[in-house]
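One chain follows as structure tokens, the form predicted alone.
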């Protein structure tokens, strides 16, 4: 593995993909959770990752995030091999992530939670505070700035989780079911926020079960099933694929989306 030096960010190959997953497999003892998965993510796009429960989505996500090393295969970011790079090093490479189970520092304010992340970019408290305020404004949490994170409702905690990841100024953002647990009225504003973030040039890999959001956000979608790639392509091509309908969506869901 060719690993970037600490504190450095790999340089993107000219016109190449930002993220490349090549023949990745992951085995846990006798369980083959991923089998020969390959796809690439272009700079400035949102790539959806979907599939039934147990399909291998979380495992693949954790391989990309550095939580797991793949058993075989390669993960490349901006043309550099980052396979097996530990998760605590990913931020310095320009990769941020959210977690489905949100665990903010509940006794600290929203601003303090986000400022911790911005310290990854500066040693100056003043600069970190300014950067935190900018991120808080972007995600729409200004009125909660000086309140404890533990007071936030679910939708607010989702935005705070996103803000903490954005505080690292990532180039690639890994989103783990960022819309889970939200009612439909709460999803639309967050979908719009993700589109706004994408417009700034941030690339996203999105694991999500809310198909309305996947269809609205994704430029490309990868479907996993039993640890293997079942399909990949544009949202419309994927949702019309008979294999995907049978394994995951079902005819009723297809007609509802259409």
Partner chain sequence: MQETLQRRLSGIDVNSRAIILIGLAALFVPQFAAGSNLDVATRIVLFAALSSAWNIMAGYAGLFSFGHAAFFGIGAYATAYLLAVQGISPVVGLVVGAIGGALFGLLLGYLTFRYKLRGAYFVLTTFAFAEMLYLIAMKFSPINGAVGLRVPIRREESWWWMQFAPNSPNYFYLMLIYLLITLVAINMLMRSRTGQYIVAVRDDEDAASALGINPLRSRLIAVAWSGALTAAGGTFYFQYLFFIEPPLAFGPNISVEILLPGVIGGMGTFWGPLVGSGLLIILGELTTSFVRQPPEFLSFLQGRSGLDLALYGALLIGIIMFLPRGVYGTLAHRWEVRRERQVHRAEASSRDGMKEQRDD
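Only a predicted model underlies this, so the values are computations on that prediction, with no experimental measurement involved. Residue numbers count along the first chain shown, from 1.
Just so it is clear, the following notes concern the form predicted together with the partner chain, a form of the same protein that is not shown.
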Legend entry - in the predicted complex, segment of 89-97, 75-83, 182-190, 129-137 with a heavy atom within 4.5 Å of the partner chain: 89-97
Legend entry - Exercise: residue 112 in contact with the partner chain in the predicted complex, heavy atom 4.5 Å: yes
Inset, instruction - Please check if residue 71 has a heavy atom lying within 4.5 Å of any heavy atom of the partner chain in the predicted complex. - result: no
Legend entry - Contact test in the predicted complex: residue 141 vs the partner chain, heavy atoms, 4.5 Å: no
Inset, instruction - Answer yes if any heavy atom of residue 173 is within 4.5 Å of a heavy atom of the partner chain in the predicted complex; otherwise answer no. - result: no
Legend entry - the partner chain in the predicted complex: contacted by all of 39, 52 and 209, heavy atom 4.5 Å: no
Inset, instruction - Just give me the residues of 182-220, first to last, that have a heavy atom within 4.5 Å of the partner chain in the predicted complex. - result: none
